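Given next, in structure tokens, is a single chain: the form predicted on its own.
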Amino acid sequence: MYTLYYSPGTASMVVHLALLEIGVPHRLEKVDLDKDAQHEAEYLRLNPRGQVPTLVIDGKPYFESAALLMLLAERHPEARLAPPAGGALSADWYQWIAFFTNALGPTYRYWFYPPDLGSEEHPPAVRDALRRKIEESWSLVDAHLAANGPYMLGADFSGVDLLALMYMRWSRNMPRPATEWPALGRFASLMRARPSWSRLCDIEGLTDWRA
């Protein structure tokens, strides 16, 4: 049995989606970020970073969403969330997971949390620089999907697509949402038609960007 500590719409989404795709029994524990529950002593014993997600596996807690995605893919090869190790698509799998977590993850963090850069609100120049960096990343992904899609690894769905979907949703209220790129828009429609997405929205109470 897995236990996922999550908060709706956050970085825990990709782990929740993976659990739903696998179909494995799991328990959900909601962490109320509005009440700063992620910084309570009990939770910090599980996740010293004070963030979500945390996934408890066989009684031991682990964190970092991309790492949890890869771990679940490894533990449940029958779900085919990852290509076979050492196969033709293995390098692509690692490349795109690293791209989303390194190129988009930190930049999104700065976009949504100006205090991380030392101010309550970004100066216009900083905000514009962050916007451009995020949009450049989406332009790269859009070109990749247009040439190699419909999924991130080509013809078949994988866990990388769940990671991409999470980051795409986070762009929904930005000046240029990810769905405004043609190939990304088609990809979003494809992914939001999956039962796991509909189920996650029901469970987490997400009503915007559902379809």
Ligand SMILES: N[C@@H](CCC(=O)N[C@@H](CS)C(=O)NCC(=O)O)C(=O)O
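The numbering used is simple: start at 1 and walk along the sequence shown. Keep in mind it's a predicted model, so treat the numbers as computed, not measured.
Keep in mind that the form predicted in complex with the ligand is not shown, yet the notes after this line are about it.
- Heavy atoms within 4.5 Å of the ligand in the predicted bound form belong, among the stretches 175-183, 143-151, 22-30, 47-55, to residues of 47-55.
- Taking the partner from the other structure, the ligand in the predicted bound form has a heavy atom within 4.5 Å of a heavy atom of residue 10.
- For the chain shown alone, residue 109 is a contact residue for the ligand in the predicted bound form, at least one non-hydrogen atom being within 4.5 angstroms.
- Using a 4.5 Å cutoff between non-hydrogen atoms, residue 158 does not count as a contact of the ligand in the predicted bound form.
- Taking non-hydrogen atoms only, residue 38 approaches the ligand to within 4.5 angstroms in the predicted bound form.
- Contacts between 61-84 and the ligand, taken as any heavy atom within 4.5 Å in the predicted bound form, involve 64, 65.
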